[in-house]
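Given next, in structure tokens, is a single chain: the form predicted alone.
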């Protein structure tokens, strides 16, 4: 079997590796515009804050390591055209200029995503930066070493982490977002409020509920104009999210309006023999039981693996995603999965949320700390559709537990009676997972 993998994103790397594991004799050509693969962009803010042991370790594979596994790597090679119906790929070596046309039995689209850049006046300024690729990371590392004022646009995970790390490095940071609170798409207001206070305590200027209208270069930096004010910095960094990088395939395959390629449970597109995964593709979102677009590395890795398992025949179905994620800001650990009450409403689901706060282990221990826990459930059915946890203690695995509960369509009553251990070093006699489920069940009784 001859397979073309277009893009060496996380999904592309894992797809190629798994195809080779399933079909040792398969000929796999991977086409990648850049000269690196498998960059963990989630580490950019940590690198800026000097919390990375070595930037080289922000890659878990290299072109050389994949070549050693029997995969044909075409680096710095751009796919200029792909005829999906004919399984024909046109490519150009960006170093030599040489063009090639080749036919394949199967095509895997793992072109990833690109940063959202709205058509705002001045957004193309050399003083406006992105935070996505390895090149972006290297540029930001160099540039921020000589800055004192930074304007960050977007208070989602990317912008929130950048603002935190830069403020801890002594930069004067302004954080702008169109929503009226930070991490509005990821957290309930009760959690956002804690983070917002931390930002203020660390000198971050929060410009929330404001829409950017334009960028204007000045003699010593850049001016960011919103519908409510003007903010100045040496540079501005965009963290507005991502959209699928699938323009090459428009009109050839079924897509969502944003360009995400629709895939079936076996990662195959509407064109037989053409697969898609990662940020280029849709996911089945278990909280809503519908297709959605959720660009996360965890989704990309699992989908890439499934491409490999299903490349020859449909064998293993995608179980869906809960979009489980986590972040640590100013020593506060936050982990969440699924929907918030506000997010559910936006998806047309009537939901409620129970929120509790309690010590994570017994008070007779010499130390303990508070955990804030939230559980979101569908009204009527009491099906769990979301959960969130926050503490100055590692509560991240609680989100993974709720993720499994969502995937298995558990109710709050079932979670309330689930078996969680008690040992005073680690937990209360009633684990906070059980406590928040009990609170949710009591709300509905």
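Numbering follows the first chain given and starts at 1. As the structure is a computational prediction, the values presented were derived from the model and not from experiment.
Note that the form predicted in complex with a small molecule isn't included here; everything after this is about it.
Residue in contact with the small molecule in the model of the complex (any heavy atom within 4.5 Å), chosen from 353, 77, 282, 210: 77. 298 is the sole member of 252, 72, 298, 368 with a non-hydrogen atom within 4.5 Å of the small molecule in the model of the complex. Judged by heavy atoms within 4.5 Å of the small molecule in the model of the complex, the contact stretch among the candidates 402-410, 384-392, 26-34, 50-58 is 26-34. Using a 4.5 angstroms limit between non-hydrogen atoms, residue 414 is distant from the small molecule in the model of the complex. Although the partner is absent here, residue 62 lies well away from the small molecule in the model of the complex, with no heavy atom inside 4.5 Å.
Shown alone here, residue 235 lies farther than 4.5 Å from the small molecule in the model of the complex, counting heavy atoms only. The closest non-hydrogen atom of residue 396 lies beyond 4.5 Å of the small molecule in the model of the complex.
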